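One chain is shown next in C-alpha cells, namely the form predicted on its own.
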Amino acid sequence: MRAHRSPLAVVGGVVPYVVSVGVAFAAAGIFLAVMGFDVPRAYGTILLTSFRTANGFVQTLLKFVPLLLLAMAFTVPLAAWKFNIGGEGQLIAGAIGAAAVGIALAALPRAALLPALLLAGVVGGALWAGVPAWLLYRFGINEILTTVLMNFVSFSLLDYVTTEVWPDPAAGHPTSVSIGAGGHLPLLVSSPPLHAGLLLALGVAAATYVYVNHTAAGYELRAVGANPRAALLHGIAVRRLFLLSLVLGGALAGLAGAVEVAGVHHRLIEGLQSNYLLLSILIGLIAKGNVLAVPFVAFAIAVLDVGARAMQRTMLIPGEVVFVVEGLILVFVLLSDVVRRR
C-alpha cells in the first residue's frame, strides 16, 4: 500500500514542518516582545526545563503518556480519513469508567482491580466514541461535528460525577473520593514518582503501529482512507471501517483517561483533560498520520508544553500566551500543508 520513500524524500517531508514550527516561534517571540517579556529567557525556559532536573524530565514523561495515547486516538481514525475531535470527551469517559471500578471494587487485590480498571477505561472511551461512530454509520452525520459536541457533554458529566455521585467533601475543588490502592499503577521510579503507564503507552503505540501497518485490517483501513470509492469497488466494507476506526480511537483515548486516574490523580478531578485535545491534534498533523512518528512528535510537544508552563510560573507570563504559542504552531503547520499541495 505504502510506497517506499527515500531518505531524501523523508527529509524533504519533515523540513516544511520544522520551518513551520520555527516561523510559529518567531511570531510568538514578536508577540512576547511586544508584551514586554524577555524573549531569549522565555524560549530558554521552554526548551530546557524538561532537561535541567530529574523532576522536570519526569513531569515531561507524565505529560507524554496521555499525549501519546490521545495522538494515537486521533491518528488511527485519520488512517481511514476520519477526524476524531472528541479525544477529550473519550478521555473523560474512560476516566469515569476507571474511577467507577476503582471506587466500587476498591477492596479487590491489585491483580484483579488494576486490569479491570484499565479495561473499564478502554470500554468507556470506546462507547463514548461509539455514539458519533454510529451516527456516521447509520445516518452519515459528519464525525467532526458530533465528536466535538460529545466533548461538551462529557464536561458536564464529569462535573456531575465529581460533585453529586462520588464527591470528596474535604476537597476544595470538584473531586471524587479516591479509588482503592489496588487500582494504582506501580511506580517505575519512586522519587520523583513515575508510574508504569509510560511502558503501557509505549506498548500500545507499538501494537497500534503493527495493526495499522502490518495487518490486513490495517491495510483495509489505509485503503479506505486513500480512496474510499476504490476500496468500496474492491469489496471493502467502507462504512464499517469508518465506525471501527472511530471506536478504536475512542478506546485509546479512554485508556489515557484510565491511566491518568490510576497513575496520577488516583481519583476523578474536574479539568483532568487539561489541554490535551489541541496538542494531540497538533501531534497527529505534524506526524502526518504516520504512527511510527507519533511518539517522537508527542515527546517534543510534551517538552514544549512543560517548558511553556514553567515559563508561565517563573516569568508570570499569562497562561493565554501559552495557548497563543500552541495555536500559532497549529496554524503554521496547517498552512505548510496547504502550500505543499499547491
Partner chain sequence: METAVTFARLVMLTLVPYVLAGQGTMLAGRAGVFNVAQEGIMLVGASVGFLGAYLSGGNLLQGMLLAMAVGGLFGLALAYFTTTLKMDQFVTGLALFFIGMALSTLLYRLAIGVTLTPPLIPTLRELPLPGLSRIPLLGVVLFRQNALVYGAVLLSLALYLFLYSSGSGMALRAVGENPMAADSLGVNVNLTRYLTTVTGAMLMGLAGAYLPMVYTATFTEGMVRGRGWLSIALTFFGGWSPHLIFLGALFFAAVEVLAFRVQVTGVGIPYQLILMLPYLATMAVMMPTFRRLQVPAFLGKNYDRERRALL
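Since we're looking at a predicted model, the values are computed, not measured. So that the term is clear: the rigid core is the largest set of C-alpha atoms that superpose within 1.5 Å between two forms. Numbering follows the first chain given and starts at 1.
The protein also exists as the form predicted together with its partner chain; that form is not presented, and the subsequent description refers to it.
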Review point. Would residue 297 count as a contact of its partner chain in the predicted bound form, using a 4.5 angstroms cut-off between non-hydrogen atoms?
Key: no
Check your understanding: So in the predicted bound form, does residue 140 come within 4.5 Å of its partner chain, heavy atom to heavy atom?
Key -> yes
Exercise for review: Answer for residue 83 alone: is it within 4.5 Å of its partner chain in the predicted bound form, judged on heavy atom distances?
Suggested key: yes
Exercise for review: Would you please decide whether residue 312 lies within 4.5 angstroms of its partner chain in the predicted bound form, comparing each non-hydrogen atom pair?
Suggested key: yes
Exercise for review: Select from the listed residues 303, 281, 42, 65 the one whose heavy atoms reach within 4.5 Å of its partner chain in the predicted bound form.
Suggested key: 281
Check your understanding: Within 4.5 Å of its partner chain in the predicted bound form, heavy atoms considered, which of 209, 219, 166, 134?
Key -> 134
Review point. Of the listed stretches (248-256, 193-201, 97-105, 143-151), which one has a non-hydrogen atom within 4.5 Å of its partner chain in the predicted bound form?
Key: 143-151
Review point. Do heavy atoms from each of 17, 61 and 292 fall within 4.5 Å of its partner chain in the predicted bound form?
Key: no
Revision key, fill the gap. When its partner chain is considered in the predicted bound form, the residues of 29-52 having a heavy atom within 4.5 Å of it are 31, 35, 37
Practice item. Once the core is aligned, please say if the CA of residue 299 is shifted by at least 2 angstroms between the shown form and the other one. Key: no
Check your understanding: Taking the rigid core as the frame, does residue 30 move its C-alpha by 2 Å or more between the shown form and the other one?
Key -> yes
Point to revise | Direction of C-alpha distance change in the predicted bound form, residue 326 to residue 286 (at least 3 Å) | key: closer
